[in-house]
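Only one chain is given next, in structure tokens, and it is the form predicted alone.
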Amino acid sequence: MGSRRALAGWGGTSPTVATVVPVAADDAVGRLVAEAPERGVLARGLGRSYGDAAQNAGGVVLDVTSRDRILRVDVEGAEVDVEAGASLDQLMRLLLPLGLFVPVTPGTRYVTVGGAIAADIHGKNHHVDGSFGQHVTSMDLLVGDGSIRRLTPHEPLFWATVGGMGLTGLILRATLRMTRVESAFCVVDTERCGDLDDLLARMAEGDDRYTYSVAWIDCLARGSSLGRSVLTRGWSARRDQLPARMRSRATEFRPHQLAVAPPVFPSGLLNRTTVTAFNEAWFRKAPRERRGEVQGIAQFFHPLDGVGEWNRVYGPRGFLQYQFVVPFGAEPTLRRCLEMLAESGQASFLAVLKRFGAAGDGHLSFPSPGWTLALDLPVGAATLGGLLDRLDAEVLAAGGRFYLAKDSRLPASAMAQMYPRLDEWRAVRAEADPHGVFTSDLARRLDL
């Protein structure tokens, strides 16, 4: 039996009520799907998609987090079989001491394997290693009639599921190719960039020398400082690159939270004044150039995971995460977007820029070759909606697209323009789930 609960994304906006049912055994999941109510069913993991992708108003939401077993580890072959409710945090804690690391990680470890596949997550290494789905060798998918299909990359339904936002079925298990590492540390180069041109030139000229690359951008800087940034790039540290005192514990991985944000922050705390002060301090704190610093994986990839429930800092009204990609050659669009953000005064506490490499094979996978900018924007300002509409128009006119795992507001009319393989995806999905059993608030909003 389930319980009625209000669910929201990590941004905390637009909660809706669904019947949440914890699930464990395959046959129990199959029965729930086969007996789905009119409003359908949806899998939900750790709730780290920012918008409404893991909500199903009036329907059933299957909590899969108890399906978290790591079933097989092949250290020699760098491969793992895992249930889809297992998190990247679990994988790292178990596998890093064995010399294996996840092939792709976003800015948090608290993402399930099923969610990573459904959103086809990307990380700081997309320009080298692509997105998460490209490292999945097989998966078991429970489809609309309650049956289970074993999928490989040779099948269209595999690539409709990678990036398909949970709408083709429920991922039960997956086999992943892992990355071999000699340590749980990275060697990191950091440099300050005075403006956007400086940043883009350094990334275009130097990113190929690094496995991982990301830039923090001050989105409130204007004029000659527009786009000033802190560029951080690195690679997995070899054991012999570590200080001698660290080599005996090279593969230890025991991150812990430093604090948990209490639910007491007022809306509006992160505003132009406070974020301007933070941005100035953060930019000045960064070294002009620092080479070869050794950082732990948690420090380099997941700094926000050190504060539990950090989204509470935005207050009860929550925030929007807004992420887009524009093609290489559309740098003027990127500049105009930053100018619009700076002029509006909308304060993005977290703003990061990365370079994407080749596009993946998922019908609705977000990454495509170009520049991707991700912003966290507090909800509440009367001008926010108009600003985002103007940004939408710039991105779409440049041939760009938005990330469905972050979105909470796009209209259905934008989907076909952003994702040219949408009709192909719909056809594959209809074959696997002809009655539309798997659905979500996002699916209804975007007419998927």
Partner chain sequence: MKDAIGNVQRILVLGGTSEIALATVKRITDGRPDADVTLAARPGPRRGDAASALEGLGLTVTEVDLDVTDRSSYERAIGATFDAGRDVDIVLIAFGVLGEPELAWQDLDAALEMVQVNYAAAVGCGVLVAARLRAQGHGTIVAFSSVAGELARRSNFVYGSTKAGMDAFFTGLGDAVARDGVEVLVVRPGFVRTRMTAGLRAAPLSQTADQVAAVVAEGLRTRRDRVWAPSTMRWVMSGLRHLPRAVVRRLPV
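If you're wondering where the values come from, they're calculated on a predicted model, not measured in any experiment. Numbering follows the first chain given and starts at 1.
The same protein has a further form, the form predicted together with its partner chain, not shown here; the description that follows concerns it.
Participant: Based on heavy atom distances of at most 4.5 Å to its partner chain in the predicted bound form, which listed stretch, 61-69, 25-33, 401-409, 418-426, is the contact stretch?
Facilitator: Contact criterion met by 401-409 only.
Participant: So in the predicted bound form, is its partner chain close enough to residue 21 to count as touching (4.5 Å, heavy atoms)?
Facilitator: Outside the cut-off, so no.
Participant: Quick check on residue 379: any heavy atom within 4.5 Å of its partner chain in the predicted bound form?
Facilitator: Yes, residue 379 lies within 4.5 Å of its partner chain in the predicted bound form.
Participant: Wondering, does residue 17 line up within 4.5 Å of its partner chain in the predicted bound form on heavy atoms?
Facilitator: Residue-level check for residue 17: yes, a contact with its partner chain.
Participant: Is the gap between residue 317 and its partner chain in the predicted bound form 4.5 Å or less for some heavy atom pair?
Facilitator: So residue 317 counts as contacting its partner chain.
Participant: Relative to its partner chain in the predicted bound form, which residues of 30-51 have a heavy atom no more than 4.5 Å away?
Facilitator: Result: 39 alone.
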